[in-house]
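Only one chain is given next, in C-alpha cells, and it is the form predicted on its own.
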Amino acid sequence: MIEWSEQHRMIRDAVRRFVAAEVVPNVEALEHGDMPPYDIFRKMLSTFGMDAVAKTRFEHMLARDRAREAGEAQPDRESEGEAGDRSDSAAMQLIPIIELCRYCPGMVTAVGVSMGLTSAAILSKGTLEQKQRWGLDLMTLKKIGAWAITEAGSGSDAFGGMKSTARPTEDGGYLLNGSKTFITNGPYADIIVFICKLDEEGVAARDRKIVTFVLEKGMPGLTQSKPMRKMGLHSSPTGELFLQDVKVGPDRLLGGKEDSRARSGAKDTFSLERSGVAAMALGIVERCLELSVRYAKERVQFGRPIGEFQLIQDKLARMEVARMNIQNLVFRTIEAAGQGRRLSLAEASAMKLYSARVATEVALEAVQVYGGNGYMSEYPVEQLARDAKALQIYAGTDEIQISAIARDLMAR
C-alpha cells in the first residue's frame, strides 16, 4: 500500500467534516474545561455506523468461541471474505484516529484505552461468559473502560515493582489491595481491567504470578480519583485508583484461572497500544505541517514572507519527510492486518519509538516557525507540542522501546 484509496479518502473527508462540526468548536472545553470526550465519540460511532459494525464483529467472535467450546467446526475466515476486508477494516479504524489527532490527540487516547486496550484484554483472554458480560459495552463505548497496570513505584518496571495484590480467600474468591496511577479514564471508568500479583506464601515478590481481574465502578473498597492535572493530553482524563480489601469472586478473574498468561496478555496489549501511536503521530505531524506552511506564507519579516528564508524552508522540508515516513508506517500496519499478521512487540516498539520522537520534533519545530506566537496557547501548535511529548512517555518510554528492540535483535 503506497497511498490511500479513493474509498479511504472519501471516509477521511467525511470524518474531517464531523471533526470540524463536533470537535473543533469544543476543543477549548475538552482541553481546559470539564467536558469528557466520550459523548462526542459516541456520536461519531453512531454517525458512521461504527457501533453497528462493532456489534456485528462481536457476534461473529462469540459464534466462533461457542463453536470452539462445543468442539464444532469453526467458520473459515477466508470463506467469510475477511481476508480481503481486513486491510480496509484496519484503515477505517486508523483514519478517525489520524483526523482526531489533528486537533485533539487526548480524545483518541481516552477512547483508545476504552474501546481498544480494555476491550482487547477481555476479548482476547477472557472466558466466554466474561466476553458476553463486558465485551460489547466496551466495544460500542456504552461503558468506559480503563486498563490499570502502572503504579507510583513501578513505572517502566511494571511487573517487577508491582505491589498491588490479590489474596485468595477460603470461599474461592480474592481480596484485592493496592493502588494504580496515571490511569487513562480512571476517574470515569465503568469497567476496569486491574493487573496485580497473586499473594503467594513463600514466593519472592518479584516472582509471584501476575493475575488480572475485571472490576466495576462502585464496588466496595474501590476509589477512583478526580482527574489529575498534567502537561498535555488534557482531553484524556487521567486518574488514580485505590483498592482496600475489594472482595471479588472467581468470575472476575480474567480467563478464569491463575496462570502465566497475564504477563503475555499485558505484552500483547502493549503491542496494540504502541502500534497505534504511529496513527496518532501522523495526525499531529500533518496538522503541524499544514499550520506551519500557512504561517510561513502569511508571516512577513524583513519585508518578505518567512517561507522564503532557507532556514524556514529546511524546517518545512523535514516536516514533509517526517509525514511521509510515518504515513508509510501506518500503511505497513494496514498491510500487516490485511495478511492477518500481528506486529511483534519489537516491531510495534520500533514504530512507536520513531513516530513519537519525530512527532515531538515536528511539533517543536512548528512552535519555532511561529516564534513567540507559537508559545502562546491561543495558537494550536502550542497544544500539539505538549500533546506530542506524551507519545514518548506512555505505553513505555523511548528508553523502554529501545530495550525491547535491542533484546529482539540480540535474540536472533
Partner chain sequence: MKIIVCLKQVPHQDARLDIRSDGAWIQEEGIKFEINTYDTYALEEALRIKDAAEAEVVVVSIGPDRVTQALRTALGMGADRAIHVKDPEAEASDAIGLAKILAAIVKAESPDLVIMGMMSDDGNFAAIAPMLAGLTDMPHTTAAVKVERSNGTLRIDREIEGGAREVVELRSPCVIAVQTGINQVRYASLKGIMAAKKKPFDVKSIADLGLGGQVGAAAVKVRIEKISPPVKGERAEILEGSTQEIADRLVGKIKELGLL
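Just so it is clear, the model here is predicted, and its values are computed rather than measured. Positions refer to the first chain, counted from 1.
Although it is not shown, the form predicted in complex with the partner chain is what the next lines describe.
Enquirer: Based on heavy atom distances of 4.5 Å or less, which listed stretch (28-36, 47-55, 374-382, 350-358) is in contact with the partner chain in the model of the complex?
Expert: Among the candidates, contact is made by 47-55.
Enquirer: Would you confirm whether the three residues Thr181, Ala337 and Arg342 all fall within 4.5 Å of the partner chain in the model of the complex, going by non-hydrogen atoms?
Expert: Checking in the model of the complex: none of Thr181, Ala337 and Arg342 is within 4.5 Å of the partner chain.
Enquirer: Within 4.5 Å, heavy atoms only: does Glu6 come near the partner chain in the model of the complex?
Expert: Glu6 belongs to the contact set for the partner chain.
Enquirer: Taking the partner chain as it sits in the model of the complex, is Asp190 near enough to touch it, meaning that at least one heavy atom pair lies within 4.5 angstroms?
Expert: Although the partner chain is absent here, Asp190 would stay clear of it in the model of the complex, with no heavy atoms inside 4.5 Å.
Enquirer: Since only the chain is shown here, I'm wondering whether Tyr394 would be in contact with the partner chain in the model of the complex (any heavy atom pair within 4.5 Å).
Expert: No, Tyr394 stays farther than 4.5 Å from the partner chain in the model of the complex.
Enquirer: State yes or no: in the model of the complex, is some non-hydrogen atom of Glu399 no more than 4.5 angstroms from a non-hydrogen atom of the partner chain?
Expert: Glu399: no contact with the partner chain in the model of the complex.
Enquirer: Looking at Glu258, Glu273, Asp88, Glu286, which has any heavy atom no more than 4.5 Å from the partner chain in the model of the complex?
Expert: Selected option: Asp88.
Enquirer: With the partner chain left out of view, choose which of Val248, Met92, Met115, Ile306 has a non-hydrogen atom within 4.5 angstroms of it in the model of the complex.
Expert: Only one listed residue qualifies here, and that residue is Met92.
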